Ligand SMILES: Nc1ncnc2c1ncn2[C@@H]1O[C@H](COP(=O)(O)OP(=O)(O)O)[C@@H](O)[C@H]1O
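Listed next as structure tokens is one chain, alone, in the form predicted alone.
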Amino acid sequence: MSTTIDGTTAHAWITEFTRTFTHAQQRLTDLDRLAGDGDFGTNIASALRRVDNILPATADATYRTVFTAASLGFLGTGGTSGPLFGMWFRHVARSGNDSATLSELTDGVASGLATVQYLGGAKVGDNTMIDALAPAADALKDAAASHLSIAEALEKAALAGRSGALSTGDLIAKRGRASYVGELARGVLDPGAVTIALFFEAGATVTGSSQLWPELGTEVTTQ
């Protein structure tokens, strides 16, 4: 089993993430419309188009150049979530070079998490992307300590991220636009958390996970 993420794998990861996000975009827009201003799906889709425009060809890709492209694409996006994702991807990119070990990926994810929390002020339980990102980061750390393969580690991170994203349906937002509507957003998954879950699920998929990932974001309510 692979113990590193090389440029080809990183390229496939971002490509799969783009595919799954595109499929989920309307659902995520609907979620954001119930709890925010409804522009989340459009903003992230725009970021991913920019990423695609600057993504190196597979043959030329390295771990760092792929995730640097992801960072730049998201940093140029409007709204709040795009720049936060962009800063997070910057840390992920800087954790490796031509390739990255599980320990390096883990460090990059954790460092990016700390920056996002510092900039956004959110913590677990505030109904934001942190509710999926923090448990995913913890799962990677545990996997690295247990010397698991990249595929095994990403599957554990994906499962933790999915569980965290689903938990946001029971939370009242304390950060972001969803905090403005209070109880009216209860029962609505946070689209940022769902997107984080989709990202790690994409990574697990391209590294060989046999786990099936049912659609996230179908828990849209009309309350």
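Numbering starts at 1 and follows the sequence shown. All figures in this text were calculated on a predicted structure; none of them were measured in a lab.
Absent from the display: the form predicted in complex with the named molecule. The rest refers to it.
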Next on the checklist: Can you work out which of V188, A158, A193, V66 has a heavy atom no more than 4.5 Å from the named molecule in the predicted complex?
Outcome noted: A193
Checklist outcome for this item: Answer key: of V92, L140, M129, A100, within 4.5 Å of the named molecule in the predicted complex (heavy atoms) is M129
Checklist entry - Quick one: which of 149 to 157, 92 to 100, 67 to 75, 112 to 120 gets within 4.5 Å of the named molecule in the predicted complex, going by heavy atoms? => result 112 to 120
Next on the checklist: Taking the named molecule as it sits in the predicted complex, is D39 near enough to touch it, meaning that at least one heavy atom pair lies within 4.5 angstroms?
Outcome noted: yes
Checklist entry - Might N43 be said to contact the named molecule in the predicted complex, defining contact as any heavy atom within 4.5 Å? => result yes
Item to check | the named molecule contact in the predicted complex: A136, any heavy atom under 4.5 Å | outcome: no
Item to check | 4.5 Å heavy atom contact, T80 to the named molecule in the predicted complex | outcome: yes
